[in-house]
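A lone chain, given as structure tokens: the form predicted alone.
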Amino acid sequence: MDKKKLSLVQFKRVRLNEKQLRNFTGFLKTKGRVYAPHRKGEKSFSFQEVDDPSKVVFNYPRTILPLKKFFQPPIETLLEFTINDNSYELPDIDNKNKIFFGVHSYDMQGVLRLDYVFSRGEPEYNYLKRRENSTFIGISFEPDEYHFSGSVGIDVENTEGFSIFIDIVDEDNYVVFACDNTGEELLKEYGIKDFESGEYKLKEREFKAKLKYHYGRLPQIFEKCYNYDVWKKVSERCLGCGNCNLVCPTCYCFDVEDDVDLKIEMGSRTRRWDSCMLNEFAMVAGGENFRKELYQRTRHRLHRKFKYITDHYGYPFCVGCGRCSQYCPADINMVEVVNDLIKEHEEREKVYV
């Protein structure tokens, strides 16, 4: 069943107040580890394991890091080895029940895109093992000046991947939808006996940030924009810090390094997040660097989001969360870059008509 095409009206629902929803969050802890948005400092939010349901934040713009940190940790030991006898040991991978509460639709889509990447070709064991036994509970959000997921085909109420979806009506009024059998059973076990059904009117939620073209047209533009001026203009402001990669829900590149002890007897193989925006990313033995210039790395990053993988997956590999724009120290905005690219494309097409 394609949940992208389903509206919430087709799911059973129940209305809870804030106290009841926090009690439900506490009940979920009896089913496994529960992770939900918490405050981190004065203005930021992060997904953390729920200890006290009263500290869970229901209404938030976005977390600093997306959910990928739970399935592809920033740093992880892949194996430990002994050189003398050429043996190695693999670490245990935790695949116990996990419930992710209060997930926005674009972050769920980020996980589904990583599923696609890590399950094709040679399946990535560690990611897929951690991904097992995971249940996702979505929640609505009010788009801010950085969100543009609507422009890449992800509505606020997109329920694909969710077992339960919560629509925030106001601070003490939450409509909870059972999106699949798992979600319905969780609500029943919590004590919900009577569900509502039938017509349900969603709040109007307008995205302030928008791409000028439908996402389906972007691969055609990226096919022609390899030598456009936009790349160098953006790179004049870019610091090349790689922050945009680290906070992106769909960036998954990593580096692998072997370290040995001083006796050269034992060692470990470690994997850590990497960034295609860093100068050394495309450097190979002998010092050759295939993307030495910053504009080349900027161009490559955006082609990964709107062209290369999109051609295979069918949807953009950018989910419109707005993290790369909000957390960019140079104030580079993804929507502005793509719209500038579209503008330059239109101008160049006029010249060649």
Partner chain sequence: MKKRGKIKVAFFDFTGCEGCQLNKLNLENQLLDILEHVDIVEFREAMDDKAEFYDIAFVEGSISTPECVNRINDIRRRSKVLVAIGACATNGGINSLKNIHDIDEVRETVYREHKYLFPTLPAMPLHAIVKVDYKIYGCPMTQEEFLKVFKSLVMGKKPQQPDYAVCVECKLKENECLLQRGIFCLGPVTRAGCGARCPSFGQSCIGCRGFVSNINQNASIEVLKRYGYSVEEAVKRMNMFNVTEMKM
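Residue numbers count along the first chain shown, from 1. Being a predicted model, the structure only gives us computed values, none of them experimental.
Although it is not shown, the form predicted together with its partner chain is what the next lines describe.
Exactly one of the stretches 306-314, 51-59, 320-328, 27-35 approaches its partner chain in the model of the complex with heavy atoms within 4.5 Å, and it is 320-328. When its partner chain is considered in the model of the complex, residue 296 lies well away from it, no heavy atom lying within 4.5 Å. Contact check for residue 263: a non-hydrogen atom falls within 4.5 Å of its partner chain in the model of the complex. Of the heavy atoms in residue 65, some are within 4.5 Å of its partner chain in the model of the complex. Proximity of residue 71 to its partner chain in the model of the complex: non-hydrogen atoms within 4.5 Å are absent; the residue sits far from the partner. In the model of the complex, every residue of the candidate spot (44, 235 and 255) has a heavy atom lying within 4.5 Å of its partner chain. Site annotation in the model of the complex: the residue of 279, 95, 82, 182 reaching within 4.5 Å of its partner chain with a heavy atom is 279. Only one of 166, 78, 247, 117 lies close to its partner chain in the model of the complex, with a heavy atom inside 4.5 Å, and it is 247. Residues of 100-126 include none with a non-hydrogen atom no more than 4.5 angstroms from its partner chain in the model of the complex.
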